[in-house]
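Before any questions on how it binds or moves, here is one chain, the form predicted alone, in structure tokens.
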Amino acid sequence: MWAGRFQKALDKEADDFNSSIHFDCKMYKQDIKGSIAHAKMLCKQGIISEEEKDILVNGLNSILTDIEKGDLQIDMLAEDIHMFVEAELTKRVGDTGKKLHTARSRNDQVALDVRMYLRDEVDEVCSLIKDLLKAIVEKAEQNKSTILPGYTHLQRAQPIVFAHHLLAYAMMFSRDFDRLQDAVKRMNLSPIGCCALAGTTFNTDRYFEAEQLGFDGITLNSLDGVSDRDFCVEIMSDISIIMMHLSRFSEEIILWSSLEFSFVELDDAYTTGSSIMPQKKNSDIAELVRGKTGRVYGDLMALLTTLKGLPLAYNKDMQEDKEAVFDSIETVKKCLKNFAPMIATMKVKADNMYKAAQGGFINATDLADYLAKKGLPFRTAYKIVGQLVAYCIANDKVLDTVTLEEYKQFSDVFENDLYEEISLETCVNKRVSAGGTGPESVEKQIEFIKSLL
């Protein structure tokens, strides 16, 4: 390619080091589609003839067809996917193929390909998030009345329904979906036509080419157009947040499926056994998702570190963007593909959840609210209930088993109606505030996620 300037070939080891074909070959489809749009623009502007455009477009389409049918293997000895396509095109159509690179550089070409590739991949990730949301909502609808302890500091805190807990994750993943959609809006500007860094002397139509490729507009500064990788960082940041949410969910599933909790049982299809302990049923899929979160974080930090000191415009360092962003995309896709069916097939042990909710004084706040509704200042009520909890611990009781006579030793305000107020069902059903664990709120949350879907 640069034989006019150089007197000898690149050293074999250096050539392998310099090459990116083994990972940027993923973008063959986007590269060819971008080249077809470029040929059409060159023709529209009178830079090449109609006949030359047809030759180029037909040649490019034949390459795409042959790759997808398996009749053409991408040559891993090529430096990158751009040079492979151009070389194959020239082999097929002759010197006309050499005209395709008029008014563009690999600098803007790769920036275009990556944007197009990520646009397609983000669509798939968003589809997988929707699949997960569907699985969560379905499981939530099945567990609108399943009571379990809600936790803070991993200590039993207040009773909630399992649907409410699951829907907390649905809200997280719905935000993840929105973040990715927003990122695509900022990314969906075409850099093609920026050339190496300064634009071109040819009378091109960048807007036409952008429209052909489904972009909303063009990058307005050619230096920025070829050197911007903010969109990679933003999408990787969004993916890191998705992985963080998946990891938190995984952590709870791992805890819930342990014998100590025994709140859920994962389907055999999403667990493994032990090579030595025949009784084991390990939540390996959830553990792998939790583990792969660190991998995705590493990809993000690697790219941020690569970009932090680069002068404008393009630098070869930026070749490092693709492996990191491709790995992030592939990792989150694999995790989501396994996570949704794991949730869908997960068995909920409602009796064990309810039994756990009966311990730990998780109705103490409701008892304090009971006193406050009777006219006591909340802080006074809080202190009385705290004293009652201490009394229960000392006497091996729970609030439900304390007699009314014992209650009245702490306050004359207590009456028989307190027992109804502190039943787990009442504690849940009377949570009437918006967004809470009460039935009306949970139903609204389910409908909200359904409306998003």
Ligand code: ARG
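All of these numbers come straight from a predicted model, not from anything done at the bench. We number the residues from 1 along the sequence you see.
Just so you know, the form predicted in complex with arginine (ARG) exists too; it's not on screen, but the next bit is about it.
Colleague: Out of the stretches listed (287-295, 333-341, 79-87, 348-356), which one is close to arginine (ARG) in the predicted bound form, meaning heavy atoms within 4.5 Å?
Modeller: Answer to the contact question: 79-87.
Colleague: Out of T96, Q158, T219, N107, which one falls within 4.5 Å of arginine (ARG) in the predicted bound form, going by heavy atoms?
Modeller: The option sitting close enough to the partner is N107.
Colleague: So which of K373, R379, K91, K316 gets a non-hydrogen atom within 4.5 Å of arginine (ARG) in the predicted bound form?
Modeller: Contact with arginine (ARG) in the predicted bound form is made by K316 alone.
Colleague: So, in the predicted bound form, is S20 in contact with arginine (ARG) at a 4.5 angstroms heavy atom limit?
Modeller: So S20 counts as contacting arginine (ARG).
Colleague: So in the predicted bound form, is arginine (ARG) close enough to K322 to count as touching (4.5 Å, heavy atoms)?
Modeller: K322: yes, in contact with arginine (ARG) in the predicted bound form.
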